[in-house]
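Okay, so here's just one chain, in structure tokens, the form predicted alone.
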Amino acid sequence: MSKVSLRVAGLKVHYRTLRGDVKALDDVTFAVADGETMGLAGESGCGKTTLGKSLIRLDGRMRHVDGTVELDDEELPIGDTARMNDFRFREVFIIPQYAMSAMNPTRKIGKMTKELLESRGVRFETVRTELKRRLELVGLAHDVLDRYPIELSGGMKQRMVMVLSTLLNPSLLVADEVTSALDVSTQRAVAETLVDFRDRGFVRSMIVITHDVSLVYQIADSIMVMYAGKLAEKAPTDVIVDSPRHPYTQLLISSLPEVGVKYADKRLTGIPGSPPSLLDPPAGCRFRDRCPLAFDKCSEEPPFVEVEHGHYVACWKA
């Protein structure tokens, strides 16, 4: 049996707003094995990015309400911003959304790298050789360190961010929408780089957050689907794509275009309706109002249970 690298239990995270608390994550429980790449999918606003941020404590508006996160059998102090400094960007690293826009435009990349490392108590000189080796691995010349971010293309910036994110060999890398805003060929190259970094041991386990199931299908060992702050389904990638059990996952997969199909003959179907407000989420199954299979029992909340080995679903009809 694989060793578990990340264990999340009963995680609840709210956002403070003027209208009240947004219940962004509600009782989220799952595990990621050592060496596993897990894709995290779902519509915008379902809680994917909040889950990623909560593992590293990145957003001051977030309030940790309940639950625990263990990394390599050590509990992370995710409710305490200061105490998380010992783990953030060292044991657990996040590539946030729009990371390639987050590089300081007034700093040369080498200087910015040096400042980032020294803020973690690491001397730049001790990793300079390894940094240059990893730049070569992703097809970047050493002189990129003497350039400003604006001098790099989007794909080059994203590869640079990935090198920086894995330079200290974190146990867990959370990659949030790392391929959005890139062209298709660059998306593939970036995705393959992530897998290569894991295979080389630069990072042990990964969570790849995306709304693009077709991308994680290519690189992930498993896929976890979220809906309205809750987990809907988690299973090995081929199981999720070929035989999903949750109605939401089924609709999500069926809304993907297939290569070689003319959509003049076969219309793509979307998912009617929209997710509920997380300011005041409904009781029972949160997908109930949009679900073609909904029945009376759905007024009660379904548990997230294992229906087959490694396949977890929260649905009364699964």
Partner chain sequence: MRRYFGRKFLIYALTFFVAVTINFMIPRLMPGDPVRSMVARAGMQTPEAAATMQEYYTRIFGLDVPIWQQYLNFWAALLRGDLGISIWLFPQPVTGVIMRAVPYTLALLIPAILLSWFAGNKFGAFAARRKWLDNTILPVGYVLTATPYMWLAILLAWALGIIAGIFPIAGGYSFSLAPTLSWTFVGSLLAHWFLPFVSLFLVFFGGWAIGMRNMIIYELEADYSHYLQALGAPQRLVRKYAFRNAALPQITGLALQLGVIVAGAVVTEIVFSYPGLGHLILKAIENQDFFLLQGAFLFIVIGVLLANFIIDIVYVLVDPRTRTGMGGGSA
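As the structure is a computational prediction, the values presented were derived from the model and not from experiment. Numbering follows the first chain given and starts at 1.
Omitted from view is the form predicted together with its partner chain, to which the following refers.
Taking 4.5 Å between heavy atoms as the contact cutoff, choose which of V161, V127, L145, V138 touches its partner chain in the predicted bound form. Selected option: V161.
Tell me, which of K132, R200, R120, R83 has a heavy atom within 4.5 angstroms of its partner chain in the predicted bound form? Answer to the contact question: R120.
Among 66-74, 26-34, 276-284, 53-61, which stretch sits within 4.5 Å of its partner chain in the predicted bound form, heavy atoms only? Looking at the other structure, the answer is 53-61.
Non-hydrogen atom contact R88 with its partner chain in the predicted bound form at 4.5 angstroms: Flag for R88 set to yes.
Contact with its partner chain in the predicted bound form for G155, defined as at least one heavy atom pair within 4.5 Å: yes or no? Heavy-atom contact with its partner chain at 4.5 Å: absent for G155.
Can S222 be called a contact residue for its partner chain in the predicted bound form at 4.5 Å between heavy atoms? Taking the distances in the predicted bound form, the answer for S222 is no, it never comes within 4.5 Å of its partner chain.
Answer with yes or no whether G79 is in contact with its partner chain in the predicted bound form, where contact means some heavy atom within 4.5 Å. G79: no contact with its partner chain in the predicted bound form.
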